[in-house]
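Here you get one chain, nothing else, as C-alpha cells; it is the form predicted alone.
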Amino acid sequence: MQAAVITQYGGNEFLELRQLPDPQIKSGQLLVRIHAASVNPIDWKVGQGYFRLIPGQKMPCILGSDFSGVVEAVGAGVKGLLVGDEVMGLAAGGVGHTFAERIAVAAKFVVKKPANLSHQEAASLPLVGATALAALRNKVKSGDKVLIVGGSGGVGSFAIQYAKSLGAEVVATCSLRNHEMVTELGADQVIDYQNSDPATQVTDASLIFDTIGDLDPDKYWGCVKRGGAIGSTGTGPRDMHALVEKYGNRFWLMFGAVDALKQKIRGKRGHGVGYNMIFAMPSQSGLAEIARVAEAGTVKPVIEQVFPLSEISQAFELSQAGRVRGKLVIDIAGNA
C-alpha cells in the first residue's frame, strides 16, 4: 500500500511517500480501505517531535488521526460491522497511521459513516468532534454563555455548532475575513480578535473554550462567572514556550501538563474558576455522538481544501500557517 511516513523527527522534509506492506488485523480489529483522512495540528506536531511519549512512533512512522473508508476484513470478536460497511473512525491523535491506503484499527474506535456525508466530509470530523465534546459535552446547558476562541478553525467550527445545539449563547473570536462564516455557523456574537481584545468584551461566561491553545488565563479569569471554567487545547501562557526553546520540544507535553495544573490551582483558589487542558481520546461513545449530530445535520463539516496524498506536505504547510477555515482533507482513494 502507499503511505505517507516520517523518517525522523523534524520538518516536512522528512515526510515522504513509500510503498509498505498492508497491515494485518488481530482479534477485535478491522481492516479498512481508507478513502479520506484529515489533517490536524497534532499530526505534524508529532512529526516535529512534540509528542514522543505517545506510543506507536517507530520509524518510518505513518502519521494521521482520523479517517473514513470501507471495511475490507473483520477480525475475530468484532460485532456490528461487516465487510463492505462504510465507516469513519479516530485511530489515535497524531499516530493513528491514517495517511495510508489501509489501516488495521480497533473496532471500538470505528462507527458507521453517516449516509448523508461523503468520505471526505466524514473524515474531517472525528478528532475535532472528539475535542469539542471533551470541552463541551456534559459541561454546557441551555442558557449558558460560551466563548469559543478560534471559531473558524476545525475544532472551533464544530464547537460553535455543537454548543448551539445544547442551547448555549455562543460568542466566538476570529479574524474579520471569517466573520460571516462564523456567524453562519451559529455564533450569536463574533469578536474580531485582531482589532479588539476579547477579554474586555465578554462577561459572565460559563465556559471559555480555547481551541487555539495559547490563551493566557490570567487575562480571562474575570470573563468567567464563579463556578465556570476555562478549557484549552494547548499549553497556555507564552512563558511555557520559552521552556520548550530551552529544553527541547520532546518535553512539550510534560510542560503543558505541569502548566495546566498550576492554572487549575490558580483559577480555583483565586477566582472560583476551573481550568482544564483539553486532550481528546478516541471512544466509541464519542464517535457515535459525532455521527449522530452529523447525520441529523446539527453539525455540518467545514472543509477549506482537499489534497491528494502526494501533496500532503503542502497540506501540512497550510495547516502550520494557522489560518485554515475548518479542515484540510487528504483524498487517499484517488491515489490508489
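This one's a predicted model, so the numbers in the text were calculated from it and none came from an experiment. For every residue, the number given is its place in the sequence shown, counted from 1.
The form predicted together with a small molecule is left out here; the points below concern that form.
In the predicted bound form, the small molecule lies within 4.5 Å of some heavy atom of Val128. Residue contact with the small molecule in the predicted bound form: Asn178 places a heavy atom within 4.5 Å of it.
In the predicted bound form, the small molecule sits within 4.5 Å of a heavy atom of Tyr193.
Taking the partner from the other structure, the small molecule in the predicted bound form has a heavy atom within 4.5 Å of a heavy atom of Ala280. The stretch from 120-128, 101-109, 223-231, 80-88 that comes within 4.5 Å of the small molecule in the predicted bound form, counting heavy atoms only, is 120-128. Shown without its partner, this chain lists Lys300, Lys45, Arg33, His271 as candidates; in the predicted bound form, only Lys45 has a non-hydrogen atom within 4.5 angstroms of the small molecule. Every residue of the trio Pro41, Thr173 and Ile212 has some heavy atom no more than 4.5 Å from the small molecule in the predicted bound form.
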